[in-house]
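In structure tokens, the next block holds one chain alone, the form predicted alone.
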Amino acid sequence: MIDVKETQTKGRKFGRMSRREHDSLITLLPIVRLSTESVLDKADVFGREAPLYLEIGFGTGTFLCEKAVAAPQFDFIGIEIYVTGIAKLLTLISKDNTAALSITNVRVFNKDARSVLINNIPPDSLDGAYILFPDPWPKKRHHKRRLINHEFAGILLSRLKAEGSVFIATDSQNYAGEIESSFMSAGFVADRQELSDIDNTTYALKAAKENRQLRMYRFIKRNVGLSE
């Protein structure tokens, strides 16, 4: 359980938030939070069979919310370790500041992405995944902390359906090379493309303001023989 009292202090997973955001953790989080104690049963969670998409590290939740609104026929799961970000998402999907949801096709995991993919996401279950601006950990001695490597790409490959895609954006040229190498060596096929729907995300706007080039990828699972 998340102790919402802890959200009053600053920390790696907790930060200051508004009263509305704080209250949303109490009223809405129990509705949308997924258990990390069992493997996801998407039909049970969403009450239907529908294409399933994942965003890893959704930050403030703006992009995830926009995708869910634009595609109500799809279901979306977000993974975020920062409780403040989850609270911001909850305010976006709440109905008129009440303990009800205006957007019902979104659920969240509050745990490390690698752990969730291994323990909670079934093989061959995802239609697509988004990883937008993962932390580049720019100092060389910190590169081992980066989310994406060959092992991680292989895990994600196994969780995608055949022809499923991973969409990635980064403004770190150094990290981009590592990302591309990791996904290609894991068995993905690369399709460099522009992702116009990320233009208004926080990091995309910041990168544009600071004249940093964006690198955007779509990695496609074509070799189903590599699934676990």
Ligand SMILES: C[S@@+](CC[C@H](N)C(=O)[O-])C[C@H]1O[C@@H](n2cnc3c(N)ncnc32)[C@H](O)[C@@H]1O
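Bear in mind that the values here come from a model prediction, so they are computed numbers and not experimental data. Numbers follow the displayed sequence, beginning with 1.
Just so you know, the form predicted together with this ligand exists too; it's not on screen, but the next bit is about it.
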Quiz item: Here the chain is shown alone; which of Leu117, Ile79, Ala153, Ile93 has a heavy atom within 4.5 Å of this ligand in the predicted bound form?
Solution: Ile79
Exercise. Name the residue from Ser185, Ser35, Gln173, Thr202 that puts a heavy atom within 4.5 Å of this ligand in the predicted bound form.
Key: Thr202
Practice problem: Among 67 to 75, 105 to 113, 120 to 128, 154 to 162, mark the stretch whose residues have heavy atoms within 4.5 Å of this ligand in the predicted bound form. | Solution: 105 to 113
Practice problem: Report yes if any heavy atom of Gly57 sits within 4.5 Å of a heavy atom of this ligand in the predicted bound form; otherwise report no. | Solution: yes
Quiz item: With the cut-off set at 4.5 Å between non-hydrogen atoms, does Leu101 touch this ligand in the predicted bound form?
Solution: no
Self-check item: Those residues of 135 to 170 which, in the predicted bound form, come within 4.5 Å of this ligand by heavy atom
Solution: Asp135, Leu147
